[in-house]
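There is one chain below, alone, in structure tokens, taken in the form predicted on its own.
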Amino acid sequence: MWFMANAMGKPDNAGAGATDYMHLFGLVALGYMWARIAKTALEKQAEGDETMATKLVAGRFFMERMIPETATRLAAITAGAEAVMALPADAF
């Protein structure tokens, strides 16, 4: 929603946040997949399959150690393009 509200008037906002948006999207997609894996692992564990414990440990790791990065990515996206576009082109 931030892109829609801020990129139409200033396209640099979309460009400045694009990489962070892709990282955020990837983290959310992987988080969704881990949630589905954990649900299935819990069901199979309840049926007596003890090998599912490792899947739950890996999923917990992802949720506790990787998902918090989404807050950082969102902050970078919504910071806008000002800092990214601050240097003049001849500085490169």
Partner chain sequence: MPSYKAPVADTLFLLYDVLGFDRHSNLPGFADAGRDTVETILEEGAKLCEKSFQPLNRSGDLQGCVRLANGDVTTPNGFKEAFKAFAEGGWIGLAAGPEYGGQGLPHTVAAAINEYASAANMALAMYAGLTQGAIAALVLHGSDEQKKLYLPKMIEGSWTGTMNLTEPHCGTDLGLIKTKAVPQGDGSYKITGQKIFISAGEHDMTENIVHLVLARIEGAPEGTKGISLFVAPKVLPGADGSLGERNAVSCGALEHKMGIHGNSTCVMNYDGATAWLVGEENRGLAAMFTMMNEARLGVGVQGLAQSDVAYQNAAAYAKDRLQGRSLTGAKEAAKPADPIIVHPDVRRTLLSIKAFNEAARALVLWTAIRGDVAHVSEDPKERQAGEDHMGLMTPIIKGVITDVGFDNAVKAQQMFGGHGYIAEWGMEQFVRDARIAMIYEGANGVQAMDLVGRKLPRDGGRAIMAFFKEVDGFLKDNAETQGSNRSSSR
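Positions refer to the first chain, counted from 1. This structure is a prediction, so every number in the text was calculated from the model and none was measured.
In what follows, reference is made to the form predicted in complex with its partner chain, a form of this protein that is not presented.
> State yes only if every one of 28, 40 and 66 has a non-hydrogen atom within 4.5 Å of its partner chain in the predicted complex; otherwise state no.
Yes, the whole trio is in contact, each within 4.5 Å by some heavy atom.
> So in the predicted complex, does any heavy atom of residue 14 sit within 4.5 Å of its partner chain?
So residue 14 counts as contacting its partner chain.
> Answer with yes or no whether residue 19 is in contact with its partner chain in the predicted complex, where contact means some heavy atom within 4.5 Å.
Judged by the heavy-atom cut-off of 4.5 Å, residue 19 is in contact with its partner chain in the predicted complex.
> Answer yes if any heavy atom of residue 2 is within 4.5 Å of a heavy atom of its partner chain in the predicted complex; otherwise answer no.
Contact with its partner chain, no.
> Relative to its partner chain in the predicted complex, which residues of 51-69 have a heavy atom no more than 4.5 Å away?
Heavy-atom contacts within 4.5 Å come from 52, 54, 55, 58, 61, 62, 63, 65, 66, 67.
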